[in-house]
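Next up: the same protein chain in two forms, each one alone, written as structure tokens (structure 1, then structure 2).
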Structure 1
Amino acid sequence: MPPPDTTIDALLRGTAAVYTRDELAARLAKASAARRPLRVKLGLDPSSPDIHLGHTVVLGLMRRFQDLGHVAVLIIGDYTARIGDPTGKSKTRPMLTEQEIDANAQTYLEQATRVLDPDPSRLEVRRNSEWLSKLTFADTIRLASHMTVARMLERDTFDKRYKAGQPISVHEFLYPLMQGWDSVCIRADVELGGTDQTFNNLVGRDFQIANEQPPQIVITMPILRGLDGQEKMSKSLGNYIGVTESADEMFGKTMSIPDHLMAEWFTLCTTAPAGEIEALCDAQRTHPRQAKERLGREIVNRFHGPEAAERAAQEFASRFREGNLPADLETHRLALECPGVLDLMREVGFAASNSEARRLVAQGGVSIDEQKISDPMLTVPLSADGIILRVGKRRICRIVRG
């Protein structure tokens, strides 16, 4: 019995491209007939230890495969991380040491299972050093012979860098080869990735064919744009929401995205049906603030549960709409009697230097006990009750003598 189309549609929700859908349908049908789960590959580059919402887009698709009974094969690219994936980079990435990679891989796994089903029968975790470290130089040359320079340069990230006159090191060309070899070694049926991985993933197909394996089906997901609404979400750009962040942070950051980004986030980060998303993102039918609030709740709910989502939404409204103090006000103890405002700001980390602190005061961004201050030389008597120091909208804390 081939799986009905509706199953495949649900599975492919939000995907950017499938190479090819017919092959996928056939492979799914064959798997179910043979009662053999598909091996679904996803490679992760542990060059940065934290998983953010952008990663969860593809992880979510992987989870849907798991839920249908297939096996997620997560490849920690510990070996490839020594090279650095050139994808989307204007510069060659730095290589990592083994210790860094190990630590990152560990964290990665912990965080990935916040989306993936950790059941060992549904999740297989491998490191590609397992097979890549055994390749001889001769093997490597043989692999390289399957690829041509022209195809390599077609790849848009190389193409752009090349045309822009930016450096490309030869070792970066090896990255797609290694990744393709991964697919052969784990006998992948399907490989998932962001659209920026299309080239790498398709190399896997070629290598598998060359090694007399059925070629993997490649499914790509759109790249999630980050908080700025322009660039792809990434740690290095700082426009991300990490899966381990607090409920309040997740909610607040979501509220800060530009309105035009909502539809994309609803589609890629929540399970809301398409019709509903359309209604939510139509300003005529739904107030944008309400839509965004809903988005924030959905996201927090996914990682912290419904109670936390509710709390975060309320806390946000209380703090930023009504201007109240945060529920859990951070308290700093200082062993000073009568410090100046500037010192206070530096002590609690609200300003990096005296000049910066002075600037903030001059700009009217600083208040003590909700009283805006204008004199940078002001001294503040500290008592046991302490004072409330506020800088801008978001930085606020209590300071007591102690």
Structure 2
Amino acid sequence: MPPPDTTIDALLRGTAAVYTRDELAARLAKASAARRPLRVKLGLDPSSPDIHLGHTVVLGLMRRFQDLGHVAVLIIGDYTARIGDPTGKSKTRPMLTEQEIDANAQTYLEQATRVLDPDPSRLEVRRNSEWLSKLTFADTIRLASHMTVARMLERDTFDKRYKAGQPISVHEFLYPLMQGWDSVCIRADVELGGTDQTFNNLVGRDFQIANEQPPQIVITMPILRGLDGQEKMSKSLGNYIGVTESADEMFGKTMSIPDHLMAEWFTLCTTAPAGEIEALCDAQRTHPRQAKERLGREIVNRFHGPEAAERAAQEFASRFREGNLPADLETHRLALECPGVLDLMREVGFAASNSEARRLVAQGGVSIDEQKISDPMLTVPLSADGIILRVGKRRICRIVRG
């Protein structure tokens, strides 16, 4: 293993907080001397099946631990998902069925290993139902005795809901207790998470001390902002890049982000050196478009490889700088003669509903044969030659009658 000082510098790139750096240095030094890899925990709550770039921020930190010889312990929260993590939620989240949990967990794991090293000597995958399902009611009461209501209300989301008179179910208080018990059961040396997981992760330290284990070091990462440059990346907000999206979609979406996001994305989503990031994000030294192209290549390369990154960059240049249609333009055949523009958008999958399609038209993001559409009630005659439908900067297809 590398010397502890250089290890810490490499590991802490882009991190938000470490509880504590001195403990991490000591634990790394001890692990190096004993030639025992650290057990680095990350809990994944399979409440949804897809991973986006926001999730890869913490997964990337876990991969850095793996590359330094440590073991990533990925906890699939199949038992805690039955409660639902209240973090960031303004209301109680509905419980999932076992079938939904299993399906989401499988997809989540497949996508997580696009970032993590899947080598069994470097990745241990556990489900917390292994130990949580065996707790008796008396065991649960003992866990609860380590936490006060006052401390639980220190959680920002609980505090806000309590003051607003919004309901907080008692079972939600059990979530951080269960997550903390996970750390005891797998004897975690380090736990990773976003800054929104700080409270839950620190509970694990308390439980380990109570059970005469060395307290885990907690390392948190910033929450990645999405394509809009304001809100956290989220599928529900539509401001995300999924890890399974095509190279062209990844590159095109990256090119659409606000300039002020570039330093954040370079730091959290790439391995570019800090000095290089500074130069790339300085408009006096690098044109923002050039910097964004570099960022797009880096992100696509991470998930699709360098050849796909180069093709995506060339395709984007051809389509948007030179006004050409993509070489692999998708064609849809519809058995309609004169459909409405809202129907067209729904039929080809560019809008999930009439209300979404109407909103896109109102925003000025819809064009047919390069003519912007402002009337959501417009009907469009289809012919064998077809029309070109564009929605936003990246979604484009040909629609023909047939």
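Here, residue number means position along structure 1's sequence, counting from 1. Only the largest set of C-alpha atoms that superpose within 1.5 Å between the two forms is called the rigid core. Computed from a prediction, not measured in an experiment: that's the story for all the values here.
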item: Chain form predicted in complex with the RNA, by structure number; value: 1
item: C-alpha of P306 moved at least 2 Å between the two structures on rigid core; value: no
item: Threshold 2 Å Cα movement between the two structures for H287, core superposed; value: no
item: A17 C-alpha moves between the two structures by 2 Å or more, core aligned; value: no
item: Once the two forms are fitted on their core, CA shift of G365 between the two structures in Å; value: 7.8
item: Rigid-core-superposed Cα shift at P376 between the two structures, Å; value: 10.7
